[in-house]
Structure formats: structure tokens, C-alpha cells
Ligand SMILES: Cc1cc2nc3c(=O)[nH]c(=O)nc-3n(C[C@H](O)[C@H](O)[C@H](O)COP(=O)(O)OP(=O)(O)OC[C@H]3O[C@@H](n4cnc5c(N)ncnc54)[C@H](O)[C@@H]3O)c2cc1C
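As a starting point, one isolated chain is supplied in C-alpha cells, in the form predicted alone.
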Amino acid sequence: MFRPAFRDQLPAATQSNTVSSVLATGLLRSYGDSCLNGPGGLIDMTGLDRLIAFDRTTGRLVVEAGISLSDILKIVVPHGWFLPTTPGTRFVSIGGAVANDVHGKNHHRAGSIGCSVRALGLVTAGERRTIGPDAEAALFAATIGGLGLTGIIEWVDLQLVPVPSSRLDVEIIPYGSLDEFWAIASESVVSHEHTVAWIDCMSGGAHTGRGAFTRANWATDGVYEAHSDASWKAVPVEFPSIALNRLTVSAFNEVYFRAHQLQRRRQLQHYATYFYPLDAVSSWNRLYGRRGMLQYQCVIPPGGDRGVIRSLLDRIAKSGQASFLAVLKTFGERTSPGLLSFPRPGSTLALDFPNRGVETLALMRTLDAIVAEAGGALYPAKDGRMPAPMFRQSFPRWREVAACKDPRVNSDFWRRVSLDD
């Protein structure tokens, strides 16, 4: 692994003859193999974490690609600015966020992060280039969400958004069925900037999809307090793999649902609490035991999404395979410039399954068939087993990305999904 300390070292790193291929990586928070390059080498970008420019008046931010979202927020929040959108963890690099075109709870307002990128520094074929919506637009489109395959993202020029506080006015609404979810979601995308729902994917029948809907707008109190990165909880040991089963997850979901019923009220929450709840629990992945977990996230286009989401949840409940971190939300109409961007109009369901090997993979193949028939897509950033045909259906413009791919860059993910028929 090569860990550059300065940006001018990057061109040489891409041309090294000691490995067959290279891949730039950040904080390695992807759930699959998009940040792995088994036969080749990795370029650890976390040493390139400097602030290049920050205009406190306009919110224009230019940073090196290895800086984390956490460190960006510490810089910009005290001045009344925030990321245009953010995933569920702040411990990702900005380069990784762009390479995966991350989205958040406000897609219906802001779109994905690629919608707010003004320009990128890209090292490709050993050459340093500046690309953007109006500068090498085809390469820019292939790079946004392009999984780092077009070259090494060197720096990011990002437009921040002004916020009136570092806290949010949050409302928690427990609901009893999918029909109730759709009604609340439809109302909330008009009235609230941030929306998301936790769902009990083990419930069935009339209670299929029950859960707790959370919606929020920024508070207007003028308080600007950046977060602390100190974790207040930790999972000290790996749980036995058998610990997460149908009975334990069903019990957890019941308690969790009842707890949200007691919390049914409006409350002020710091942005770290609202956007990054799992960041407060260090090593939370140990809950899944040594075999780990597989995440599955799909998006279903509008029109048939209500029936398809119900079918997916019915299949999961009948399988008896436990997922207690299940999230359902809706995407808006704003289109990303990225050719491999995952968010698109419709509904997205994200689930974590304890890895039971063949049994879990069989369930995911069943879910794939439902998603494919509906014209849906899977999320590469959270994938470790997507079949090549499913990838090509999910991203019909993938060959345009292949045409812009740096021949010296590769990943395990790309080797798996780009194979010819």
C-alpha cells in the first residue's frame, strides 16, 4: 500500500510498475469490494486531508480528497455551513463520498452529493486534470459515483449549504403499517427537509412495514456547535453469530418500536445525533459476530414501488433471516450528473443481514429477482455479491464509464461486474 503525503506524489503512484493496477481508497467504509483490489495495490489517501480553501461568505469549500466528512464539519459548522447532503456516517472521506455519489435523508431536496460538486482534481493516466460539469463533462460524469475507476480524485470543490443552527427540530412518528408510511412520507417530503423511517422487517400481515418515521428541519436558534468524535458507547467483544436470530431480532424490534411510541414528540437534536447515530457506537459491527453481515440496498422506481416493497418485506419475514437495521425512505426527482449514481426517483430499502453463508446469499438472489422485475437497482457502495447482469441492468450506461476508466485502475468489484457475457 502506498500512502502519499503530498498531492504531487500521485502521478507517480499511478504509474508504478511494482503492481498490475492501483485503486485509491479513503476510510474504507464501503460494505463490499468496491474499495478492494486483491491482485493490485491500494493508494491510501487519508494522508491528503488538508483544507485548500474555504469562503465563509459563499460556502465554497476546496479540500484534499482524503479529508473526512467529520473533519470538514468541524471546520465549517461554527461558521454556519453544512454539507449539502451526508450519508449515515461522518467517517468517510470526501473523495470516497464523491466516488460513491452518496445520498442522505434529504435527497428529495438536495439530490446526491454529486449535485453540489463544482469541480474535481483527477489524476488519470499519470496526468493531473481539472474536471467539472463544464470541463471534460463526460469524464466528470463518469467520475461522480464512478467508484474511483476513472483515476485518483485529488481534491474536491464543493458547494456547502447555509444552516440556521447546528441542531434540528425532529419529530418522531411511530406508525403501524406500510400504508401509514406512504401517507406520512408523502406529506413529509413537502414539509420537511430530512425524512427517513426505521422499519420492523420481521412483522407481517396487517403490520408489514410498521416502524418509526423521523422527519426534521433545521432549528433556527443560531446555535453553532461542532460535534465531538469521542464515542460514548462501545461493543467490547464479538457476539456469537447465533446471537442475532429471528427470536432475538423480533424481540429487539418490538422493544424498539415501543420505545419510539414513548418518544412520539418533537425534540431538538444535534446534527451528530440525528444524522450519525451509529457513529456513537464504536465497533458496532461486532454485534454480527465473526462472520459479519451483508448489506442489501435497492431502489424501486415509482408506480410499482409500494407493492414491490411489500413483496420484499414479506419475503424477508418468511425467510426468518433477521435484520434489525432496516431503513425505508423515498428519493426525489433531482438527477445526479453521475453515470453510476444509485439514487433515482422511487423508494429505497436498506437492510443488514447477519451472514449465514449459502442461506443468506439465496435470500438475496430471491430479492434480486423481485427488484429486477420491477426495474429497480442495487447500490454498489453496499454490495459484496451483486451479479454482473444485475449490475448492468441497474446501471445501463456502465459502458460509458468503462470507456473513461483509467487502464491502470481496477477493483475487485469491477472485475466481478464488468465481465462480458
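Residue indices: 1-based, along the sequence shown. Source: prediction; values computed, not measured.
There is another form of this protein, the form predicted in complex with the named molecule, and it is not shown here; the text below is about that form.
Contact annotation for residue 209: none of its heavy atoms lies within 4.5 Å of the named molecule in the model of the complex. Contact annotation for residue 31: at least one heavy atom lies within 4.5 Å of the named molecule in the model of the complex. At a distance threshold of 4.5 angstroms between non-hydrogen atoms, residue 203 is out of contact with the named molecule in the model of the complex. In the model of the complex, the named molecule sits beyond 4.5 Å of every heavy atom of residue 273. Between the named molecule and the residues 177, 269, 89, 319, the one pair within 4.5 Å by heavy atoms in the model of the complex involves 89. Just one listed stretch, out of 73 to 81, 141 to 149, 125 to 133, 184 to 192, contacts the named molecule in the model of the complex at the 4.5 Å heavy atom level, and that stretch is 141 to 149. Contact with the named molecule in the model of the complex, defined as a heavy atom within 4.5 Å, is made by all three of 45, 97 and 153.
If you take 59 to 78 and check each residue for a heavy atom within 4.5 Å of the named molecule in the model of the complex, you get just 65.
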